[in-house]
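Here's a solo chain for you in structure tokens, the form predicted alone.
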Amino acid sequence: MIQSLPGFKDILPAEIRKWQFVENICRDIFESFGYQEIRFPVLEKAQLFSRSVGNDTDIVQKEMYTFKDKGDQSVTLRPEGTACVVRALIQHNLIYKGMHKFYYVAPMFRYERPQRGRLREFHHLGVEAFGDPSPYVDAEIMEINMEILKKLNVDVRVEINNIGCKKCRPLYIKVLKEYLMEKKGLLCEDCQRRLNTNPLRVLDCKKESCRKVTASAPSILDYVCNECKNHFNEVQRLLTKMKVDFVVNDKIVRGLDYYTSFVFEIISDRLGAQGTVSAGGRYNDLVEELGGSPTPACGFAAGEERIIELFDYKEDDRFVDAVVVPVGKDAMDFSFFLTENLRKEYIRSEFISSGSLKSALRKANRWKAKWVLIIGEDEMKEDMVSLRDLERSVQKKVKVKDVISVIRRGLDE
């Protein structure tokens, strides 16, 4: 028997409504904030991610699904969405066309060890805003997150940081590297390599030995420039006015190199080691680095699988509202077209074309249908339908012209 690959998961009909519920809430909130949906290819040129995410990140070094296509071009299954949106923004000149706020609901791919809340194919709910350098955009991004989690009744904590910009960060990297070099022997093999390529990545390491070393490392907050400091202070002021509880964690650097200034992680303690539900921040240099005009930007991506796991959903396991059962061959056409009319009114309906009335009722119960519509010779002569309410175990005859309104009223009760 052929089974799915490790880290890839079927989303079955019994689960899909929970996914749709989350996605519908997110779409409504995104669009209420003025964001427009964008869809981008699953496959991109590999250099898009090595240039944006960072050559020395774990994503590029270890996790990307990168391979040569039949044209001998290096391509990658997208591991994240921000770089894809920026590429589309530049390619289609979207800022010039007046579009600067986007959202996406999309699968991503990373070759990681499958574990709770982290699969090799996973789904991001993300937004990206371009063109506005003000802290109000950062606050808006946070407000969107909090609104989603409030609607879903998910408890989280918010951690934020200021990681500076290309003007002030080099000095901090120099100081951090000097500190880490003295403790090099205590770092894991990966972090010893990162010391020479990107010391900031050491702060992102989750291994306990490295976390002990970085716990006493110099704080980046002591080295940021006045511009970054003022921006971060304003974001904190706005979050406080919005009544968002947060803590400043000077070890957050995010796992992607394009971030600047304000960054954040929204974390749940119910997910174990992989507790980040949503994360993001500013990336003011990325558009220019990928070939566009200098454009400030801010965004986030939330892990849909993690949100799905965290919120309690009262499952509606009924996938059929009404089952139409013809009794006798002469009732077949009438029943079939009645079923079609129900479906056109968005009443989930199933037409039983064979078998006995008894077997049809068994199917209706198994599908957890509310109604069974029985149509025989007598019903057709009277232009009626025998309508059985399975939940109340009652049956009555209803005029065909009234069937839809009766069913609709019963479903809404």
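All values derive from a computational prediction rather than experimental measurement. Position 1 is the first residue in the sequence shown; the rest follow in order. Superpose the two forms; the largest set of C-alphas matching within 1.5 Å is the rigid core.
There is another form of this protein, the form predicted together with the RNA, and it is not shown here; the text below is about that form.
Site residues 274, 357 and 391 are all in contact with the RNA in the predicted complex, judged by any heavy atom within 4.5 Å. Residue contact check for residue 365: one or more of its heavy atoms lie within 4.5 Å of the RNA in the predicted complex. Among heavy atoms of residue 135, none comes within 4.5 Å of the RNA in the predicted complex. Not displayed here, the RNA is kept clear of residue 350 by more than 4.5 Å at the level of heavy atoms in the predicted complex. Shown alone here, residue 115 lies within 4.5 Å of the RNA in the predicted complex, counting heavy atoms only. Residues of just one listed stretch (30 to 38, 370 to 378, 340 to 348, 43 to 51) have heavy atoms within 4.5 Å of the RNA in the predicted complex: 370 to 378. Checking 302, 239, 224, 154 against the RNA in the predicted complex, a heavy atom within 4.5 Å turns up for just one residue: 302.
When you look in the predicted complex, the only residue of 141, 176, 119, 213 with a non-hydrogen atom within 4.5 Å of the RNA is 119.
For residue 245, a C-alpha deviation below 2 angstroms is recorded between this form and the one not shown after rigid-core alignment. Residue 233: CA moves less than 2 Å between this form and the one not shown after rigid-core fitting.
The Cα shift for residue 208 between this form and the one not shown, taken after rigid core superposition, is 2 angstroms or larger.
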